[in-house]
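Below you'll find only one chain, the form predicted on its own, shown as structure tokens.
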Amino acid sequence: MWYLFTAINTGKLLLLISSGFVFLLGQGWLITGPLLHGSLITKRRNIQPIQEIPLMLTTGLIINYGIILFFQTLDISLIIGSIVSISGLFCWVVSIFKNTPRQFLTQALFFRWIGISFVCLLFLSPILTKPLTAWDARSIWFFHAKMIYYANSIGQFAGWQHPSVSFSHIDYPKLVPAIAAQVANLVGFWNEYIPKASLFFMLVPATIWLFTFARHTFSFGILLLLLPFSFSQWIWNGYLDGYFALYFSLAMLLFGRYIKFSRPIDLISGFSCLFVLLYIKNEGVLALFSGLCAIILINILFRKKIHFSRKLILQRGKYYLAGLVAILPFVLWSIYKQNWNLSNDLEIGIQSWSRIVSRLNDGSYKLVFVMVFKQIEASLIMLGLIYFTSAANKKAFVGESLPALVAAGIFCLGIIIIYLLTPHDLVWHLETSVDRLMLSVNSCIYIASFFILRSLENDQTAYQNLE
């Protein structure tokens, strides 16, 4: 009878995960509906679900996190979140029935969904079957989730101020821990497996966005191997560095496509990825800054293409509202940290400058540059080979690669500065983190390489609009 018991529990788990996605979609529609279509119900532009759904899911993740932070208690936030989700689902379904999409599922889109399902299922198994064993996963991210679960609250009752947990970087963002705590709360117990379903909720929208670039080309095959398979262990082991790199590079991928087509959904989706980074790790602030710098440069160099961003700044009030919703959880958690005296272990302040000067004087900065370069050397060589091949074929500079290169450069410089000001032992800090932090830089370099390689293929179908 054990197999029957296993089958029942597997069915329950799949039902929980499916319900979770529906829950997020409903919440996300309340923002993405007016943002993409101008209305919750009555209007609907010809935007394919493969472009719309990942934006709804990431928006739902942010809204759900904001609700948890605002109401703090898991039970209350789940009730409020369910009401919000049901309202959004109702509006979404009505909008679909009132405005039947043109060519809802073409053959090309069908195969993309098959590819999405295959990649997601490949990662679902290790996510749910491999326990939490790595230090940061067990002692930071999912330790925070366990604290939230047992306290049934993300507030002070979770014990953030207790001296015994000060080692655990308690100031870190709580998006994934909050989802993991919700999952454990719904199943009624905590173990080292089921709460990892929170990682799957992060993986699916990223995978869908990746497959919106799917074509029968060599470049997409390479892109898929590099994102996320080149750092696959960071997708299932409970660390969040892999997801950070994935969403950061996806933002640059979407911004690159925006340069080509000037489609608002790509710009909105790119910003959505950047906002998600704020709630994955503290480095999200640096990533958002890097992404904004890339957007500003795009506006300067491609004025004729970037007409929508002016409307976003000057004319469209709904974008202000969406931006407010996206940034509100960051503001709430920042207020909580200040009120609860949750400080960052980097001790950033006036004293940081003295540490930077000291490391510049004693030559230890050389170690930082050597260790950082060692991590990105291979991707830079790949980029250089592809670029010089493009130059040898007398191809014009590929503007779509520019956001990724700018963001990678700024983010890398920011990480170097963080290492120079760290109060920890520099060797220890580098050896325990530089490989993970440079995943984001490598991923952006991969994106730049992808755009250049795609231009080399000279495939006219590569940039066609989704049918």
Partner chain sequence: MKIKKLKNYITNYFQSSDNLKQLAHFSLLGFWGLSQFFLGNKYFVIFIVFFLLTLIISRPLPSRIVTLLFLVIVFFATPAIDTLMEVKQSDLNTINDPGGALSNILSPDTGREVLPSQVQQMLKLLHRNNISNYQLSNQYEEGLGIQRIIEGIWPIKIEPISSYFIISHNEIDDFSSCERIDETKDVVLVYCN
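Positions refer to the first chain, counted from 1. Bear in mind the structure is a predicted one, so any value in this text is a computation, not a measurement.
In what follows, reference is made to the form predicted in complex with its partner chain, a form of this protein that is not presented.
The partner is not drawn, yet in the predicted complex one stretch among 174 to 182, 71 to 79, 217 to 225, 281 to 289 has residues with heavy atoms inside 4.5 Å of its partner chain: 217 to 225. Scanning W190, F271, F213, W92 against its partner chain in the predicted complex with a 4.5 Å heavy atom cut-off leaves one residue, W190. Checked against its partner chain in the predicted complex, the residues N361, S125, Q107, N339 give one hit for a heavy atom within 4.5 Å, which is S125.
The candidate spot formed by L13, W135 and I386 lies fully in contact with its partner chain in the predicted complex, as each residue has a heavy atom within 4.5 Å of it. Among heavy atoms of A392, some come within 4.5 Å of its partner chain in the predicted complex.
In the predicted complex, its partner chain sits beyond 4.5 Å of every heavy atom of Y320. Though the partner is left out of this view, V165 does reach within 4.5 Å of its partner chain in the predicted complex, counting heavy atoms only. The closest heavy atom approach of L25 to its partner chain in the predicted complex falls outside 4.5 Å.
Of all the residues from 240 to 255, none has a non-hydrogen atom no more than 4.5 Å from its partner chain in the predicted complex.
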